[in-house]
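Here's a solo chain for you in structure tokens, the form predicted on its own.
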């Protein structure tokens, strides 16, 4: 079992990822932190609280940054709706725990031994970047950092950049260069995990309130034009699934960096898969996923929740 902190910006795909994490016995989720991103922080905190509450798990939710290190977050209501979960009304969750996300992350790390904590970032990397940059002595407590971010080819918010990377490239740069093992789920692998209308229909009635909410949220997402209208890619669940069932994936050691300029390339992740960049490889990128196994286990785990 891995001890996990999940930093997220729910977000339709974050909702599915959280349910997967909270329904998986391989993971001990000890903290959920929220960041602005897919929608504003007020919505992401409310959604995280509601999703944790639906799961029946006793996991604190702490609010974090409402803006990136530079500038402001840009939301994506066209995909996630104005409330972040496609307009689906979720029951009120338990109140947020007091404090600030970066402080809460550091507190968990301080109480841990070397290599005990896995950090999962499925939103803009602001909270993680602030936590790691402000107390680098805690880095030895981190076993692995798993991110849903970036692309080695085309972006999805600009021609160059993926949404999470584009919203706070400075924070992402801090995380990528921190010296701990980093695994990255990019758009190329998440494009292989597409929830179709047929899959969603097959899940209805298979579980309780969590599955009902998951199906309603998934059904609200417009089919991805970038993927030919086949359905909605489960970006963030890929990062969680890597921790739950890594044998579903192939992966490759790479050098990864992010463009911090303020031109059209801002937020582009430069992922060297073929050893073109001199120096150490600082990350592992997920390249393929067994989609059939992915969706079988995803359905099973969400159906197992209340």
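Residue numbers count along the first chain shown, from 1. It should be emphasised that the depicted structure is a prediction, and the values quoted were computed from it without experimental measurement.
Although it is not shown, the form predicted together with a small molecule is what the next lines describe.
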Give a yes or no for residue 236: in the predicted complex, does one of its heavy atoms lie within 4.5 Å of a heavy atom belonging to the small molecule?
yes
Check residue 184 for me: does it contact the small molecule in the predicted complex (non-hydrogen atoms, 4.5 angstroms)?
no
Test of understanding: in the predicted complex, would residue 164 fall inside 4.5 Å of the small molecule by heavy atoms?
yes
With heavy atoms only and a cut-off of 4.5 Å, decide whether residue 44 touches the small molecule in the predicted complex.
no
Look at the stretches 127-135, 154-162, 89-97, 192-200 and give the one with heavy atoms within 4.5 Å of the small molecule in the predicted complex.
154-162
Is the small molecule close enough to 38, 122 and 148 in the predicted complex that each of the three has a heavy atom within 4.5 Å of it?
yes
